[in-house]
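Consider the single chain below, provided in structure tokens and representing the form predicted on its own.
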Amino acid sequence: MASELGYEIAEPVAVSANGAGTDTEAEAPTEEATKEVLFEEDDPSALQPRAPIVTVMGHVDHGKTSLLDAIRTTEVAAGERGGITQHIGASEVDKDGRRVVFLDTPGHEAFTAMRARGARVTDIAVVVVAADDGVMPQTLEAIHHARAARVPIIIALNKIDKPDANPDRVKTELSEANVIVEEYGGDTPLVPVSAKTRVGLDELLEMILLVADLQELTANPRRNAVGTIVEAQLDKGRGPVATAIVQTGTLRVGDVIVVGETFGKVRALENSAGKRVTKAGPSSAVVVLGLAEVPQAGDILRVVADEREARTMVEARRAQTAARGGEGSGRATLEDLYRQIQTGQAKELRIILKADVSGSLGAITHALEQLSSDEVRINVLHEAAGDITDNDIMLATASNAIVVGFNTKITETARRAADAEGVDVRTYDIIYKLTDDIDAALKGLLEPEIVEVIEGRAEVRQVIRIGKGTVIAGSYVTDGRIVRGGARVWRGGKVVATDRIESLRRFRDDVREVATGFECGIGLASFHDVQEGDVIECYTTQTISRAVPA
């Protein structure tokens, strides 16, 4: 059960004795988990049924927020102001005397961000699909993210009241995405709903409870609490404020808690209705006051004996974080793959695949799957046309996957996220090079790689023409540094030229580099159609050894 609650829970822990499917392959216990054994296994007689925790995901404008609001206004007990619970990052709904907890996340990005930090909160994922719009790119992303987390999926077919609703088309599109609904002989429930007319909301809640019953979700309310932070912020009047989902045990006012790399004493608890409470049991959403610092979403909360133990734990964690600072993130890389196969650590290579057009995806996926062997299986977690985005990096982080791009580029925010998280990103323009690299990694035969390093960017603010055919781009360095080397000229978000920087000057002097915040004159070797507003991106190349130790 190490991954059921996150990186801190070491084996054995029966937090959710038969919960939402453990994710042991996708989220193996970290070094910290193996060192810090928090709890012994629960006595089965102490386990009691708990409420399911549900995340609602789907394509933008398909009605996620409207559906949540409709469920709350329909089911929340009358008497609460407006019939709507206070927004604290999670809300609770009562159905026939049973609770359902909904996480108010903005979508699969937040869902995966928590997984990336080791948290496993959700028991069920409700994927909202508009009946008039069908399966869209973000729909597929939501499905792939839920599958990567090994969470049961329920399809909520929204907007069935619209004249142009076409449920059959949506079911066919879902089948093409390998999501076979029960009506077509599959195992994925589909419930037609309308957030506007409130049709089908009872049926959706009943289906959630049925799926929850099949999982036999349980927890022990009579132990110290363990939970996960959903969101946190600094309140000017109240200090650090964190919303937590209690997953097992009971959290009480006065408890000393450790959350990530901070700790505190619970000064007050507020439930999803905004009312002060003295305790919160399993599957409860509560606002926690009393922490010393603002924690991060996905941090694990646990109750400890006293402040001395809490301080010792936090200091140890901070020391581990500092020690890991120069060791990299430990993410999956092609360089390490062969060694992991040889030592039995790797059974599966997970890949996030992006290509310029959808037609390329099928061919590449098929080619990659042919590389699977008895030792390791190739698993393409997510494939889509378009640029590599920070959402792809987040999914790779959470799933310990590598990102492969074909004839596509990585956005700047995604590049920074990949660097920060240590995600291995590979881009190719020839399919056989892509498959050869993966095959070589599986066999431990990777050749040295020539990689491109983005050095900096400069905005062209003045174009100076000197004589016939000579153009100097008077530029301001906005990011990194400008050096002689390869260069790309960006205009309107697209590359209009690939060239090299032949001359670089500050005033009348030739210089080797120009740093951020300074102006310079850039002369390109062959591209002379530079315009004001263009961005010149300079890069260098490095040869990196890819020899894999046996």
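A residue's number is simply how far along the shown sequence it sits, counting from 1. Every value quoted in this text rests on a predicted model; they were computed, and no experiment measured them.
The form predicted in complex with a small molecule is left out here; the points below concern that form.
None of the heavy atoms of Arg50 is located within 4.5 Å of the small molecule in the model of the complex. Among residues of the shown chain, Thr218 is not one whose heavy atoms approach the small molecule to within 4.5 Å in the model of the complex. For Asp387, no non-hydrogen atom is located within 4.5 Å of the small molecule in the model of the complex, even though that partner is not displayed.
Residue contact with the small molecule in the model of the complex: Ser503 places no heavy atom within 4.5 Å of it. For the options Ala195, Ala441, Val303, Val101, the residue carrying a heavy atom within 4.5 angstroms of the small molecule in the model of the complex is Ala195. With the partner omitted from this view, the residue of Ala515, Ala525, Val60, Val495 that lies near the small molecule in the model of the complex is Val60 [heavy atom within 4.5 Å].
Partner proximity in the model of the complex, defined as non-hydrogen atoms within 4.5 angstroms of the small molecule, places exactly one of 160-168, 402-410, 303-311, 378-386 at the interface: 160-168.
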